[in-house]
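One chain is shown next in structure tokens, namely the form predicted on its own.
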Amino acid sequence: MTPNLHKALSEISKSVDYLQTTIKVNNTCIHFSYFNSLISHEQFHHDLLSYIHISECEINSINDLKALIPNEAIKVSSTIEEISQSLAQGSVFIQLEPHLNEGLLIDIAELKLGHRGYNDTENEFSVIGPKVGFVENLNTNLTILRRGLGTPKLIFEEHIIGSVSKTKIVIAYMDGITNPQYVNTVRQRLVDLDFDVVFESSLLEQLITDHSNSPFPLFLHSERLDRIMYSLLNGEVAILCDGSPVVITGPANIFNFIISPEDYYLPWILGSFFRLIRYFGIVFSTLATSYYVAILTFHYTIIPRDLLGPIIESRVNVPFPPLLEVLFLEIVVELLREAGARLPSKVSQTLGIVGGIILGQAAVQAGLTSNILLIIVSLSALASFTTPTFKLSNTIRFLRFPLIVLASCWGGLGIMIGIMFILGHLLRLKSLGAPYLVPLFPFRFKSLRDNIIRLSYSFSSDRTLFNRPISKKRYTLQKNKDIEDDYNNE
């Protein structure tokens, strides 16, 4: 054994779960090195040791030993870095005396330990449609995605990221549909990435994004299989990370975060109606409290006479200006939401209901806030939950606060200044080099019609053209019409 290899194995042996075992077969000593916590013991004993013990042949070289073991994931190696990394990922290193300078690496990692046994979507609930989601195991996720699409055009491309973790990253795209420029962009950003440990795909998204300082999400995050399949079929690139149940896709525009897969499981009229409700909910959730501050601070003359009395009566005992009143309630709502998100589900439901009712009623009775503002803040929080993606919901929660401050400074003018800054920021954003506001800017009428409302399948046979897919047609309508005409002619 070379001194460097011996030193590397000695360093690894400091760990308590690292084992070295030696057996003697036909007067030949065979050494096994592995991490006891990573390997599959069933494979180690039944698929590895059993074939070596029953062998009656002379084992004089590594190749003789390799021929005895019927395993596809086996290779000869003498590279220290490769041996150390393979051991850390669940491989067994086998050495044969006196040939200790090289050995066999056999991948027998236990894939079931440390992973969920079910793949229901926990954070993206689906009322209609499949409940299948991704898990923390990369091989399981690839199997789910391959079975879902069931086409050889689905291409998986593997990369190793992380100077310490050596995390497996897989790029998925549809050959013949996805524009190669997007695939090359993702591949280049992953290859150029220099980071120590990649814990999760959301961390990876921040490392390869076009604008890391933007509060808006530039990659679509989802743990739902149907959403990722829909993105791939529209010409987007998916990135899967080992150890993460969330898959990210791009290029993404702002409409991707508002569209839900359930829109396509309902009749197009209902799907369009619910999508318009989401748009209204996003606008209302972002601007409602800031307009309350602006009207009560600067523009109280526009309040109707019938409404002015109830507002004065509700605020007569409130000692704070509208700005502090709104910030107090908004912060209370955020505290309840953050506490509920990190508690067990049964406790969080109780906290949200009881805490909201008790705190709201106590705040009104104590004169800290008004009844009308309490209703507005509650509706604003409720409207933010209509957003189908968690990332965009967080962005809406954040944007409320600067708009509230601007409204307290300059009223309606301050709100318009804030909106102009947001629009200017959105115009600058890009996802994998594609404009974030497309098809609004640059304007694409044909692509716009299936983003604002959900079209009937009779008018949505084309893919989203702003992704520049190679194949622009999803299906051909003429054949269906011919079949219907033939049936009517009979």
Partner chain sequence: MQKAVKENHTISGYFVFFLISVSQTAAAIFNFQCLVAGEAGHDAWISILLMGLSLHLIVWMIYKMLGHPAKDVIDVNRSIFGTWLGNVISLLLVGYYFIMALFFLRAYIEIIHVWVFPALKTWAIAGLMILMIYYFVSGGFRVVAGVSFFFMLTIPLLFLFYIPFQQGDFHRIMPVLNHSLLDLLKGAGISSYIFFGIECLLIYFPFLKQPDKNRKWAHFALLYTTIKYVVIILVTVMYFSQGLLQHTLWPTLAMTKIIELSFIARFEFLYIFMWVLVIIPTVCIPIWCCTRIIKRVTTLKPRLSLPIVLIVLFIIALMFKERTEISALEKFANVMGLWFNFAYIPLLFLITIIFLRPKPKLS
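Residue numbers count along the first chain shown, from 1. Keep in mind that this is a model prediction, so the values were computed, not measured.
Keep in mind the form predicted together with its partner chain is missing from the figure; the text below concerns it.
Participant: With its partner chain left out of view, choose which of A67, L455, L427, I452 has a non-hydrogen atom within 4.5 angstroms of it in the model of the complex.
Facilitator: Of the listed residues, the single hit is L427.
Participant: Identify, from the list F320, Y279, W410, F125, the residue with a heavy atom within 4.5 Å of its partner chain in the model of the complex.
Facilitator: Looking at the other structure, the residue within range turns out to be W410.
Participant: Is it true that M416, L423 and L437 each have at least one non-hydrogen atom within 4.5 Å of its partner chain in the model of the complex?
Facilitator: Yes: each residue has a heavy atom within 4.5 Å of the partner.
Participant: Of these, 457-465, 40-48, 22-30, 438-446, which stretch puts a heavy atom within 4.5 angstroms of its partner chain in the model of the complex?
Facilitator: The contacting stretch here is 438-446.
Participant: Determine whether any heavy atom of F284 comes within 4.5 Å of a heavy atom of its partner chain in the model of the complex, and answer yes or no.
Facilitator: Judged by the heavy-atom cut-off of 4.5 Å, F284 is well away from its partner chain in the model of the complex.
Participant: Do I302 and its partner chain come within 4.5 Å of each other in the model of the complex, heavy atoms counted?
Facilitator: I302 belongs to the contact set for its partner chain.
Participant: Taking the shortest heavy atom distance, is F298 within 4.5 Å of its partner chain in the model of the complex?
Facilitator: Contact check for F298: yes, within 4.5 Å of its partner chain in the model of the complex.
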